[in-house]
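Next up: just one chain, as C-alpha cells, the form predicted alone.
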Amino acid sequence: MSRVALSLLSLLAALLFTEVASAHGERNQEPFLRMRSAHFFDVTWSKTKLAVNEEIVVEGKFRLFKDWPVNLPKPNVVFLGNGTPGPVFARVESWINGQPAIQSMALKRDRDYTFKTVLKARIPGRHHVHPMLNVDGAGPLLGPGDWVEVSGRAADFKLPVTTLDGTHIENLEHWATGRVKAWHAIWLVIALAWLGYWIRRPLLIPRYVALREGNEKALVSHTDLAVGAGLIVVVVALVVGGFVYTEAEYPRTIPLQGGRAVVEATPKSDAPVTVIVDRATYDVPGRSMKIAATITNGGQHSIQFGEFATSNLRFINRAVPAAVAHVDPRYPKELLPRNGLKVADTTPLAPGETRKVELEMTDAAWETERLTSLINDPDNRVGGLLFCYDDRDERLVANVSGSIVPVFMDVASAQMRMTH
C-alpha cells in the first residue's frame, strides 16, 4: 500500500473516531490549579434557553483557597470574567460583593466573595458557560459550567449604550467600525506603496554583487532618501493629525483598566470548623479518594458532614437531608458524582468535640475530569471545601488540604495473593 493511501486511511480514521471537542479545556488544567486556587459554590444560571438579545444571570460565591499553590502568583490582581467559547455572549454587568467589577482588584485568600455577571446572548448555538477569575500571572480559573442554548440570528444582535455625557449609541457592535476600517486601509496603502517602491527594482543578486564589490553607496540613491524622508513626514502628520482630530471629536475619554477597585471580603466565621488532614490517599485502580482527618466543631450546635467540593465537583452525602436539599435540581449532573460522599461515622459532631473522621469519595469522575494526574504533581497535595450542616440546617464551610499518597493496588487483594 502506498504512502498516499496510508495517509488517506489515517485521515479517515481520525475523522470517524475522534470525538468533537466541546466545552472548555478546564479538564486539561493541572489538578493543583483546580483544587487549590479558587473554589466556586452556590453557582446558578438564571436560564439555560434564551434567544439572541436576551440576558442570562450567572451568580454564586467563590473562596480563594488558603493553601494557595506556592508556584502561582498571589491574587493581587484579579478580574471577574466569563468563560465561553469565544464572544458568544456580551457581558453587560459584573459585580463582586455587590460592587461593580469593571476593573481588576486585589482579593484575599481564605475569604469568601459573592459574584454576579449579566450576559447578553450574541451568537446562536449551544454554549458552555462558566464564571471565571483571571489572576495576573496565574491565568484563568474556571468555575463550574452549564450548557446554554441560544436561538435566533446573530445578525439581529444589538447592544445599545448611553455614554456618561448622554450620547446614545444604537448598537455598540458596529459603532465606528467604518472609521476603524478606514485607518486600516490608510496604513495598508502606505505599507504597500513603500514595499512596491523597493521591489520595483532587482533586489537580491544585484545588491549582493554591489556589496561584494564594496559599492554600498549605489544601493540607496538620493531619490530613495527623499522618498524615505517624505514617508516619515506623511506618517508623523497622520499620527499627529489623527490624535488632534480624535481629541477634538471626543474630548472626554476614560482609559480602560486605569486603576484597581477595592472590594471588602466577607467577614470570616467566628466559630469555624477546623479540619486537619492526617492522611489522604488516592486509590488509582479503585478511583477513590480517602481522607482521614481530625475535625473540631468550634460552633454552638452539632454538625454533620454533607458535601465535599473540589475542582467544581460536588460529592454529596445523601444521608444528610440538608445537603441534598441544598442542591439545585437544575445543577449540571456531570458535576454531581453519583456515589457522592461517604462518612464512616455518621454520628453528629457535638459542639466543642474533636473526632477522627474518615471521608471517602469514590467515583469515575476522578478519571473523567482528569484529576488523577494529581499523583504526578510536585507537591502532591489535595484541596477542597467541606460543607457541614448543623442541627438548624445552617451551613459551615471548612478548608480541607493536605498531602496525598497514591495507592496503585488494593492492599487487601495483595495480602490475599500473598497468603495463597
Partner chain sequence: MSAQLQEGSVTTIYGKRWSVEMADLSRTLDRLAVAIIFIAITAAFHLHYVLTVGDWDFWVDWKDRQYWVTLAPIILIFFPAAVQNVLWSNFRLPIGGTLCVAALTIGVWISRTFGFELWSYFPLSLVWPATMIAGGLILDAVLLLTGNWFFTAVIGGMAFGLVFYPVNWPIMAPYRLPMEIMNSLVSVGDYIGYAYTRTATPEYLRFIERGTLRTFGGHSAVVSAFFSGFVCILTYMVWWWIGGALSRVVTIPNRLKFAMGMPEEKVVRAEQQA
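Positions refer to the first chain, counted from 1. Predicted, not measured: the structure shown is a model, and the values here were computed from it. For clarity, a rigid core is taken as the largest C-alpha set superposing within 1.5 Å between two forms.
Just so it is clear, the following notes concern the form predicted together with the partner chain, a form of the same protein that is not shown.
Of the candidates P285, P321, P73, P206, P206 is the one whose heavy atoms come within 4.5 Å of the partner chain in the predicted bound form; the others do not. For the options I276, A344, A106, V220, the one in contact with the partner chain in the predicted bound form, meaning a heavy atom within 4.5 Å, is V220. Mapping the unseen interface onto this chain, D224 counts among the residues with a heavy atom inside 4.5 Å of the partner chain in the predicted bound form. The shortest heavy atom separation between I199 and the partner chain in the predicted bound form is within 4.5 Å.
Using a 4.5 Å cutoff between non-hydrogen atoms, A265 does not count as a contact of the partner chain in the predicted bound form. In the predicted bound form, the partner chain sits within 4.5 Å of a heavy atom belonging to F89. Within 4.5 Å of the partner chain in the predicted bound form, a heavy atom is found for all three of A101, E216 and I254. The chain is drawn here without the partner chain; in the predicted bound form, the stretch among 289-297, 208-216, 302-310, 345-353 whose residues come within 4.5 Å of it by any heavy atom is 208-216.
In sequence order, F157, L159, V161, T162, T163, L164, D165, T167, I169 are the residues of 153-169 having a heavy atom within 4.5 Å of the partner chain in the predicted bound form; the partner itself is omitted from this view.
If you fit the rigid core between this form and the one not shown, you'll see the Cα of L336 move by less than 2 angstroms. Remark: with the core as the superposition reference, the CA shift of D110 between this form and the one not shown stays below 2 Å. Residue displacement note: T347 has its CA displaced by under 2 Å between this form and the one not shown (rigid core superposed).
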